[in-house]
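Take a look at this single chain in structure tokens; it is the form predicted alone.
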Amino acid sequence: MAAHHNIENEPLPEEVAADLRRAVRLEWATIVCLVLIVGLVYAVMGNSQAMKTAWIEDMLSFVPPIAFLIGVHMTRRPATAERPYGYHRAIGIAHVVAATALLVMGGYLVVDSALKLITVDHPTIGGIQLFGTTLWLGWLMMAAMVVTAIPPVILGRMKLKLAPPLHNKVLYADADMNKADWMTSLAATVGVAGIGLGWWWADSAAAIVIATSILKDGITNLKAAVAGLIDARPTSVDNKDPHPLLGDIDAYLRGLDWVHTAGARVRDEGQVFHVEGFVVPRAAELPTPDRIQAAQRGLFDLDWKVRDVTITPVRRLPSVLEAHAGPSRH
């Protein structure tokens, strides 16, 4: 028997809806900051490889917030006969898009910076006339890098607080991108300072450090995004551990007084979970419609992320669940 929450007509819990509204405002603020940062870095970029890498990295930073905003907008569309599961997967697709952009550009920048180091490319930074005085452009570059490092630190920390309660991996990836942003700014500052000290290699070396960080973020996020789309076991937003709600779902089903043993397959649909519960009734008990419906309601009440539940009475659990079924009730 299956039961479906109509998420489009059923509002999110108020605290979750408030967190989602804050996340949307943060992403719009991020886009505005990025427009200003990209313009400032481009104006003082000069011939520095590290500055060029930082500028491209800033351009890439547009992808996660835009993907988040589109993904959240798509999930609000109602389910239809053609799309019976709704549009929750839009969050997962947005995660793949953002991760792929990171991976491709990280790889390109590593190769480009390494080639400049291998070919002994000596970057030069000239001067600029300001108020009748010639000023070394490197000072402006370093000042720009310090200023542009501040917004990502603040925005990233605010997003990290919202990503776990919303279970939104695109938002978490964007917070990761913000971390890469301020690290990029600091590395670029070191590279430009190296040029000023006559260390020609410091610029390309700093660019490689930046690009390697981007590449690592791309690989980590792409693996997690693809795993989500092929229905891997749901994990926490940092992709390090199984999601704790999985244990709660299994424990609830096994705790029903008419159930001998039980297990659940859970799909991570982006921000919400779809649950397939399998229950083996006790010998003297019947899985009546009322009992099944009460069990479904109990799962919905566990957490707002449980948005679709199917419970199937079976004689034996599917083999993939038996190993984790735990002690049976007698």
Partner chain sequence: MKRLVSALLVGLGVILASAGCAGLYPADPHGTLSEVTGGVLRVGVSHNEPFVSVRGPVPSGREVELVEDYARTLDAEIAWTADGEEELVDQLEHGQLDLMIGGLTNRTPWEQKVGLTRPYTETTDEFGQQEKHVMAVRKGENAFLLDLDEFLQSQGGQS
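Just so it is clear, the structure is predicted and the values come from calculations on it, not from any experiment. Residue numbers count along the first chain shown, from 1.
One more form of this protein should be noted, the form predicted in complex with the partner chain, which is absent from this view; the next part is about it.
Visitor: Which one of V192, A98, I91, L171 is close to the partner chain in the predicted complex, taking close to mean a heavy atom within 4.5 Å?
Guide: None of the other options qualify; the answer is V192.
Visitor: What is the one choice in K216, K161, K223, R83 with a heavy atom within 4.5 Å of the partner chain in the predicted complex?
Guide: After the contact test, the surviving option is K216.
Visitor: Among I128, W139 and W182, does every residue place a heavy atom within 4.5 Å of the partner chain in the predicted complex?
Guide: Yes, because I128, W139 and W182 each have a heavy atom that approaches the partner chain to within 4.5 Å in the predicted complex.
Visitor: Please tell me whether any heavy atom belonging to L197 falls inside 4.5 Å of a heavy atom of the partner chain, as the geometry stands in the predicted complex.
Guide: Result yes; L197 sits at the interface with the partner chain in the predicted complex.
Visitor: Considering non-hydrogen atoms and a 4.5 Å limit, does the partner chain approach L186 in the predicted complex?
Guide: The answer is yes: L186 has a heavy atom within 4.5 Å of the partner chain.
Visitor: Might V153 be said to contact the partner chain in the predicted complex, defining contact as any heavy atom within 4.5 Å?
Guide: V153 lies outside the contact set for the partner chain.
Visitor: With the partner left out here, check for me: in the predicted complex, does some heavy atom of L135 sit within 4.5 Å of the partner chain?
Guide: Residue-level check for L135: yes, a contact with the partner chain.
Visitor: Heavy atoms, 4.5 Å, the partner chain in the predicted complex: which of 67 to 75, 139 to 147, 153 to 161, 242 to 250 makes the cut? Say which one.
Guide: Only one stretch passes the 4.5 Å heavy-atom test: 139 to 147.
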